[in-house]
Structures are given as structure tokens and as C-alpha cells.
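Let's start with one chain on its own, the form predicted on its own, as C-alpha cells.
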Amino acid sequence: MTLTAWVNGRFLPLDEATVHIEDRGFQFADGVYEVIACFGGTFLDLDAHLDRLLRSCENIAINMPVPLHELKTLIEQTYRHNPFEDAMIYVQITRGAAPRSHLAQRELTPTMVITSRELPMPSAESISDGVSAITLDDMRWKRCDIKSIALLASVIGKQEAAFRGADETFWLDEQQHVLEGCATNCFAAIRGALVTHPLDHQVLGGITRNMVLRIARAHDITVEERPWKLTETGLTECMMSSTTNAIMPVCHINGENIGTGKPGPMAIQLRGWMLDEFEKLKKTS
């Protein structure tokens, strides 16, 4: 199967899609990205993803290579160039290519790459039994609100989780509050409320996170955006959200059961409501 990527103005076979060896994304991780789900040709929260991409570029002073309406067209074209009904679109923008120097030249041409892959789905076992996580003290940089391609800490966290037989790592701040995962936002059910850390420099404003909170409020679940700990009285469930997971119950953390050790009612309800929305998207495409 030949896949197609968009690279700096051209559609190319994926195996021929390359960028310059001195691209600052490769040399310095000087870039940002977005991952967008597409269900049967309809993109999930595309405008929100593009708005966040623009904010990330602005926060590190990279000029958008094209206006957002043109980028939307390129994303749609990339989807159509590849054979997947349900797809995961990846957009990466770097500052561009230049001789290696920490101080970037002022007028670089940004590099932009768009790819499309089949949307990965959680296994039936993960959905029925939930997944497991570990915790680590947060060792990331202090601007996690920027969706940076500098993901080495997340790679280390994922590797440590796998080494310990878990699926995800949750980062803890100095007071042991749960912040977010390597590639997920985190939630807890505490005394009947859905609790998640507020958005700040320690937490990325996940598009799926926003969807979870919107759906919870629409179904009269109390939402609390505040710091929280795994040791809180009344904590009965944990869960995580991402583009590829929707929402997923997390039933074991650091080898200990959360609640009953099985997916809880809040996670099951939220996942069902989210999947209903995904099906509606397919029907409108």
C-alpha cells in the first residue's frame, strides 16, 4: 500500500517524503504539531485543533506557512490521498532549515508536513478491563501548554511504563498532584464529580479533554477543574483521554487497584456518549 504525504508544497509517496538534514525540527525539536481524528471523512473538532496549532506557533514565534483556511484544505486533500475511512491526520510545523545555530535566522521558511494513517483503536480487552498506569515526578519543561515536538520526556515515561507492564505514565508535580499523561489528559471520579487538573503551563489543553468536559456537563455530571491527588478520599475511578483513546478507564496505578479494579460507571457512560458522537460524525459525512 502506497501512502501519500504533503511536504512543503507537494504531495509525495511517503517513502520519498523527506526534509532537510538541517531542519530545526531535527536539530533542535524547534517545532509544533497536531493530531486530528477523521471519521468517514468528517474531522473531529478541526477548528479547535487548528486554533491550538496557531497558538503553539505564535508562542514560539513561528509564522504559519499558510493561512488556516488553506491548511484545512490541505488536510482534507491529504485525507483523500490515502485509503483509510477513519484516519489520524498528523500536522507538523518547524521553524525551517538553516545552518545549525541555537539562535535562528530571522526569515526562515517554515517546514510543514501532513500525513494520514489509519486511526488506531483501543483493543477490546483494554475497553472491557481498563488499562494501567504508573506515576513519575514531572521532569518536563515548563511550557506544556505548547504542543511541542520536543517529546523526549514523554518517550522516557512511555518506556518506563512499558518496562513496568503499564500502558501510560502520569506526571506528578512537587505536591503529588496528578497533571497529565505522556500522551493523555487525566481525570478522576471523586465523590461523584469528574475532576481534572486546570489548564496552565503544566497541562496541555487537550481537544478530547474539552470534549469530555462538554459531554459530562451536558449529562449533568459535576465537573471540577482543580488540582487533585490519587490519595483523595472518595476517589473511585481514574480515566484518561486522547485522540486515539476517546476516554479510557485506568483501573490500576502503580500496581494498585483504583476503586474495584474494573472500569467504573462514569468512565463507561462517558465513553458511550463520546462514541455516539463519533457515529453521528460518520453519518454526516
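These numbers were taken from a predicted model, which means no experiment stands behind them. The numbering used is simple: start at 1 and walk along the sequence shown.
One more form of this protein, predicted in complex with ligand PDD, exists but is not displayed; see below.
Of the listed positions (His81, Arg117, His177, Arg140), a single one reaches within 4.5 angstroms of ligand PDD by any non-hydrogen atom in the model of the complex, namely Arg140. With the partner removed from view, the residue among Thr208, Thr135, Thr111, Ser132 that has a non-hydrogen atom within 4.5 Å of ligand PDD in the model of the complex turns out to be Thr208. You can rule out all but one of 28 to 36, 249 to 257, 221 to 229, 65 to 73: in the model of the complex, only 28 to 36 has residues with a heavy atom within 4.5 Å of ligand PDD. At a distance threshold of 4.5 angstroms between non-hydrogen atoms, Thr243 is in contact with ligand PDD in the model of the complex. Within 4.5 Å of any heavy atom of ligand PDD in the model of the complex lies no heavy atom of Gly96. A residue is said to contact a partner when one of its heavy atoms sits within 4.5 Å of a partner heavy atom; Gly181 meets this definition for ligand PDD in the model of the complex. With a 4.5 Å cutoff on heavy atoms, Leu194 does not count as touching ligand PDD in the model of the complex; it lies far away.
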